[in-house]
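Only one chain is given next, in structure tokens, and it is the form predicted alone.
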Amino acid sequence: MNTLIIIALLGVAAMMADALRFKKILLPLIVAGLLAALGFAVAAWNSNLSYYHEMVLFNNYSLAFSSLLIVVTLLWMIISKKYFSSSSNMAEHAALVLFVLTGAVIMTAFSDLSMFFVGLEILSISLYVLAASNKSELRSNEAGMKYFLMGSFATGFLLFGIALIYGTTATFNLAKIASSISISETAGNTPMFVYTGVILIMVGLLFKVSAAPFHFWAPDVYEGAPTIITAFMATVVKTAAFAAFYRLFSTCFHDLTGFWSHAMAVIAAITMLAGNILAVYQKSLKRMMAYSSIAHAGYMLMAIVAMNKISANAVFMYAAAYSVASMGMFALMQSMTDAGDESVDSLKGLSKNNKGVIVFLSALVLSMAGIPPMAGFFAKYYIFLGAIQSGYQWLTLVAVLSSLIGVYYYFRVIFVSLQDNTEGSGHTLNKGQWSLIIIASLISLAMGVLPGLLLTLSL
């Protein structure tokens, strides 16, 4: 709970930075506060404490995901300095980012549907503003508006589903809802409103994680938002969404698995294929990463479909591997945005102008593509293992096929980077971007060499 309080207070402090005139020390203060929040999360391991009349539960699952969110945010801070220092709205932007993180932590720790909705809206409303934070750029304004309209529409589905579940079970508490559904399933008289509520909640969450066919907003929003905000959306926000998705369905609707799992499996298959196939045709690296993010959502959906004893750890492992590698890739993309060209072809000459970068960039690409010995390989392995154990061999075959498609467009980044730029000298990476690419690649390698460090966690 201390972790959540510290992050929320940091957000309030950021709002007051202009009035109290401590903007110059705001970023160091945020980093120190996030490190303190991370320390409290680690110290609370195995505590399993509930707060606010069982509305929030900090167990190992929520503590692990909260720690991951904080670590990824700290990595994100390495390349975010320019976004804050060059903006007259630095304090406001910092506050919004911290409120997104506050909502994300709540989404990993809720044990009540009302608290889940509060966390989701804290995250979403702040993110709508951040997506449109580049006010001088038309694409950013369009991204913010499109994200707001589509997000609000999806939230309506989610809230209607929650209302139906409450109407039939008379409670928002996850454990009590699960108990009520279990009793009605055993008696064979589960109300139709429960099934309807599950479908509506599933639709709302599938939108939030950009799963097909609810993915149509993601490429435009990812492309239009400032690159640094896109990096935050694709990692921290997606991790929080999947943490909430798995927590809700594994706790509340586990007894209804036979009802929703087959539909979810089909959606996961479509998401993986659509994301990877459409990514092949993208000329913009930013849009390619958007479709890649959609494909990775499909892989993580497999763990929710499997819903067995290794699923929680598999989701965590995959979220960690994907977020770290993606953050390194977005460091490269930030350098492209600074150079004014986000096309894949603009990477020509990169290896010549940035000696040694191709080694670390290749490590990130290997992890994103799921090739050993990087973390992405073992993350996919445990996702696939869980699906096979639950009898979804066909879904695993689809996942393997889509992964092979993904190898093509990921390796295209490396091939283009190795080519000489005949039209100019190409762009260079600054120290922050260099540092993040190196750190992300080393973490990905460490998680790949020692995957047991994450998989042995009792989530």
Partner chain sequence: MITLLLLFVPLVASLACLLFDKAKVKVFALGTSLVNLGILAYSLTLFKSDMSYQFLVDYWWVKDLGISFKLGLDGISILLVALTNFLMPLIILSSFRNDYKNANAFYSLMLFMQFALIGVFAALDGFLFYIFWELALIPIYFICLFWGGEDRVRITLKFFIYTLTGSLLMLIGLIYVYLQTPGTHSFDINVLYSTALSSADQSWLFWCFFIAFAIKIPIFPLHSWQADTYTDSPTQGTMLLSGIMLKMGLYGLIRWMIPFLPEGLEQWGNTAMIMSIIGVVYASCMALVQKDFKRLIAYSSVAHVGLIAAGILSLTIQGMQGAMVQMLAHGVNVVGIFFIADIIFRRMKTRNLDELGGLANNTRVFTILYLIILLGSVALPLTNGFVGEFLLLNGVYQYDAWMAAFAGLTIILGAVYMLRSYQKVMLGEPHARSIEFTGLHLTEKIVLVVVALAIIVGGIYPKPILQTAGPALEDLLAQVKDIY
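All values derive from a computational prediction rather than experimental measurement. Numbering follows the first chain given and starts at 1.
There is another form of the same protein, the form predicted in complex with the partner chain; it is not shown, and what comes next is about it.
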Worksheet item: Looking at F330, F245, F384, F316, which is the one with a non-hydrogen atom within 4.5 Å of the partner chain in the model of the complex?
Response: F384
Worksheet, complete the sentence: Heavy atom within 4.5 Å of the partner chain in the model of the complex, from candidates Y322, F253, F378, F232, belongs to F378
Worksheet item: Quick one: is V449 in contact with the partner chain in the model of the complex, heavy atoms, 4.5 Å cut-off?
Response: yes
Worksheet item: Quick one: is S403 in contact with the partner chain in the model of the complex, heavy atoms, 4.5 Å cut-off?
Response: yes
Practice prompt. Spell out, yes or no, whether the shortest heavy atom distance between S182 and the partner chain in the model of the complex is within 4.5 Å.
Written response: no
Worksheet item: Can T396 be called a contact residue for the partner chain in the model of the complex at 4.5 Å between heavy atoms?
Response: yes
Worksheet, complete the sentence: TL;DR on 73-81, 330-338, 362-370, 236-244: the one with heavy atoms within 4.5 Å of the partner chain in the model of the complex is 362-370
